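One chain is shown next in structure tokens, namely the form predicted alone.
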């Protein structure tokens, strides 16, 4: 018999320590497991948790697990995602026409806020898609047959509620897109015979979209519609647990029955993980859109969300008093047909029912796709719509930029763009100036090219810049269409004086110095660096204006010359100068009553602003925009 080799005492001691450590860990794990078990037992004694989970533990699938069954579970969890992200957004969102946009912008700029809002936005889109897929699957499987009629009916009744959640949620940002959409949807509701006007007033809280509209939409979105959805879901899920999944019951297969957990649950969680992953990526990569704040003065061409474009296209075929046929009657008939499918199925043969169900899906999907594509293609080929979309995107970016720089004013986000020269300037110019003045041949902000070709006053693009004044002091251009060719100054003494100066030695160079000096009077932000660099040349030009060029024979320039014969050149093109000439061109500082050529006074009475065409703020915005501020 062989004897074991002697063990080193140090090794024995190490083995003993390791063994003791393992025993201690095992004891601790047993204690923790026991603690969890005792906690679970304590909760079960008081709440009956095992009884709640018993249906899940006993639930079995007769034909085995299927990937196609995952749509229902995924829909339920997406609703949970919507509820959770919606509750998180409610902690910061402030409903109201003056506060909603600002709170949404704040959410977007806060840490994680934009991502949560993006998940809420894209999960709602995924919810609609999965809902459609689920209903089509249930219809094709005839999963509405007895005893599953209530599951089918409650599922169908969820359809308008889910769409209602999306429709009431879109305008809550108080953006121009959301406000325009709810205006259109309100007009659709208002076109309903008999009750339409009453329903529209109830939704709007008046005749037009306003503060009460957002309050009503918020109530519908976070309270009434979720409550109705929850009640229907309780009935829906209770029926599923009572009767089981309809598909394997109606169409039994040869597959062996398996437990729902874990076989089907793993499939459900896999599909849900993919959907949530895609939604999260979209939220992280793109985020939820935020258009410009709602303002009735801003241009916007409304369009519904992609899932309702088919309805927009269908309205084109039922315009006027028949619009309610497309928006009310046809959707109700479709919903009624689907609700009646259990009864219709009973009256038909198996083959006829199958053909009918396929036909419904084919016509429904085909109609939705066809009408949606028709609307998309029409907009894509419409240059005015494309320009409107580009302008909307520009306004949205500009509003966010202003909010980032200066914050949102207390009176509401709409003031951001109303006080912005880059936004309001072109609009004021188009409304009050473009009938006479042009603003560049290719300008899309202020006036159309067609309007520019018919202008009868100087083109004001780059007004008071060196290039603009160099052209004005060129005798060949001074009487041309860009400057005074279509005014009564087309053959003025100015052209003769300029022609004479150009014939002198270095005459053109002296006029160039005068143009640079006169442009410096404007102190344009875009020329600040050039003006600072050319200080000596500007001083020379000022001396020429007041001296040998003879400008002060007609014009006043600082301390030289008199007013009343021609426009004052002091501060020419500055903000104050522009505000003055726009307010009253017949003031002696400018043209006076004798020389003024048709230009109206937009603020002739500073003491009585209510009688003026433009307010002081509007004239200042116009002046700032013309100066490129």
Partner chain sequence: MHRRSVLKLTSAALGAACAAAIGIPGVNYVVATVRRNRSKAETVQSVIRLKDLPVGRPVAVAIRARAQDAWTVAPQQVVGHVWLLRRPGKSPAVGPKEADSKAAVSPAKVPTAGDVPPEDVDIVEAFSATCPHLGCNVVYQQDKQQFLCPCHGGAFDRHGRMVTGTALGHENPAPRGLDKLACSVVLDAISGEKWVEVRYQRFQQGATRQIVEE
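Positions refer to the first chain, counted from 1. Nothing here was measured: the structure is a model prediction, and the numbers come from that model.
Missing here is the form predicted together with the partner chain; even so, the following discussion is about that form.
- Using a 4.5 Å cutoff between non-hydrogen atoms, residue 369 does not count as a contact of the partner chain in the predicted bound form.
- In the predicted bound form, the partner chain lies within 4.5 Å of some heavy atom of residue 119.
- When the partner chain is considered in the predicted bound form, residue 91 lines it closely, a heavy atom lying within 4.5 Å.
- Proximity of residue 103 to the partner chain in the predicted bound form falls within the 4.5 Å heavy atom cutoff.
- Only one of 269, 344, 329, 133 lies close to the partner chain in the predicted bound form, with a heavy atom inside 4.5 Å, and it is 269.
- The single contact residue among 280, 211, 352, 492, judged by any heavy atom lying within 4.5 Å of the partner chain in the predicted bound form, is 280.
- Figure note: of the listed segments 316-324, 522-530, 399-407, 459-467, the one touching the partner chain in the predicted bound form, with heavy atoms no more than 4.5 Å away, is 399-407.
- If you take 96-132 and check each residue for a heavy atom within 4.5 Å of the partner chain in the predicted bound form, you get 99, 102, 103, 106, 107, 110, 111, 112, 113, 115, 116, 119, in sequence order.
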